[in-house]
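First, one chain by itself in structure tokens, the form predicted on its own.
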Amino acid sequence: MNCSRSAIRGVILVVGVSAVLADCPAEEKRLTSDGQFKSCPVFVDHTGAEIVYVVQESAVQLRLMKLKLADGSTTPVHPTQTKNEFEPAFSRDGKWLAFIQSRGNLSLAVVMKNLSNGTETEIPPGGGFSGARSPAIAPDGSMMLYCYAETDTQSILMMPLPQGKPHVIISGAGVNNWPDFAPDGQRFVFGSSRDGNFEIYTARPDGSDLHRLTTQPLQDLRPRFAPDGQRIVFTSGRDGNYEIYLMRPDGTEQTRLTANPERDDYPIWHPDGNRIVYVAERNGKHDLFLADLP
């Protein structure tokens, strides 16, 4: 099938977006080629010039890496760090970096780094097997969401920035994870296993007005709002293999974007809103790929 822009526009008028995406999957551009396991890519700021992601450098070392899209060069964010670091998140202006840092066996802290002067503050782990996951900074920089696991549950907490007192906004049975703010900061989206299977939900920043967006027998994971707030990209195993999907903020128009025999995961939006970056498994190796949206 001819997948030119004119052909796509013509098919949209007749049979709709879902059929177009099934017949004309996104064309991929490989951004890395080392094949090491990767996760959690995120753009540094609104320019779209740099991506920070996590690479499993060895069996015992997870490291934050920075990729420059202009020339494909990669450098460690913290070259001498020996602790595991993962799940990076940036403020919209690129001035703050939040990430998770391991402090011991299943003991995880949130680190907030001021990129203008290099100073760091942290939310330390609690006692025993506990710790934070998945920080997300509000678009206006006024607050940060993060997840905190204790025993068999994981709640979402909100902390006013720069150093307010955190409090729980999403709790209950199961694991709550991967919060991501809408561009206007009025809502956030997240994944939860509260109903026995990971589905995607949305709520206000205070945890009120909770809505479920997906209902599938297999997992829906890692949702991310588009820069204009009009779509959500996420990972789903609903078709027997983890692929990238799109939907509207109300859960409608759920459509598969990728179709590969191996796993596609960890999708994020390019700041221009027309492309996504994700981790793709190809021939057992993992690399970052960039794809235009049809």
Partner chain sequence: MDIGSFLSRTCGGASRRSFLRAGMSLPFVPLALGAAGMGGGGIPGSYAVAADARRNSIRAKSVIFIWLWGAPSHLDTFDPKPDAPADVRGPFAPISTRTPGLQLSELLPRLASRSHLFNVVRSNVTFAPGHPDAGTFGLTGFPEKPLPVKPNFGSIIAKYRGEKGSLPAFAMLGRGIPKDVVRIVDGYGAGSLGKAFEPFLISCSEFGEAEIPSLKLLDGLSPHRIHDRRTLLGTLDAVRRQTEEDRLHDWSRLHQRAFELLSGPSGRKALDLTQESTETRDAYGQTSFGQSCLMARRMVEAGVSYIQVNWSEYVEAMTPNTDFGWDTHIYNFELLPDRHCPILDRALSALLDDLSQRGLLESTLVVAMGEFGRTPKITNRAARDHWPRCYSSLWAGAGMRPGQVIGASDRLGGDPVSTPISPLMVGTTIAEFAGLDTQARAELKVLEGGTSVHELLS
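In this text the structure is predicted, and so the values were computed from the model without any measurement. Numbering follows the first chain given and starts at 1.
Another form exists, predicted in complex with its partner chain; not displayed. Remarks below refer to it.
A heavy atom within 4.5 Å of its partner chain in the predicted bound form is found for one listed residue only; from A89, A132, M144, V189, this is A132.
Mapping the unseen interface onto this chain, L213 falls outside it, with no heavy atom inside 4.5 Å of its partner chain in the predicted bound form.
Remark: V175 counts among the residues lining its partner chain in the predicted bound form, judged by a heavy atom distance of 4.5 Å or less. Under a 4.5 angstroms non-hydrogen atom cutoff, its partner chain in the predicted bound form lacks P79 among its neighbouring residues. Contact annotation: P162 falls outside 4.5 Å of its partner chain in the predicted bound form, judged by heavy atom distances. Listed stretches are 226-234, 33-41, 247-255, 64-72; the contact stretch with its partner chain in the predicted bound form is 33-41, by a heavy atom cutoff of 4.5 Å. Within 4.5 Å of its partner chain in the predicted bound form, a heavy atom is found for not a single one of N114, D206 and G273. For the stretch 252-287, the set of residues having any non-hydrogen atom within 4.5 angstroms of its partner chain in the predicted bound form comprises P261, E262, R263, Y266, E281, N283, G284, K285, in sequence order.
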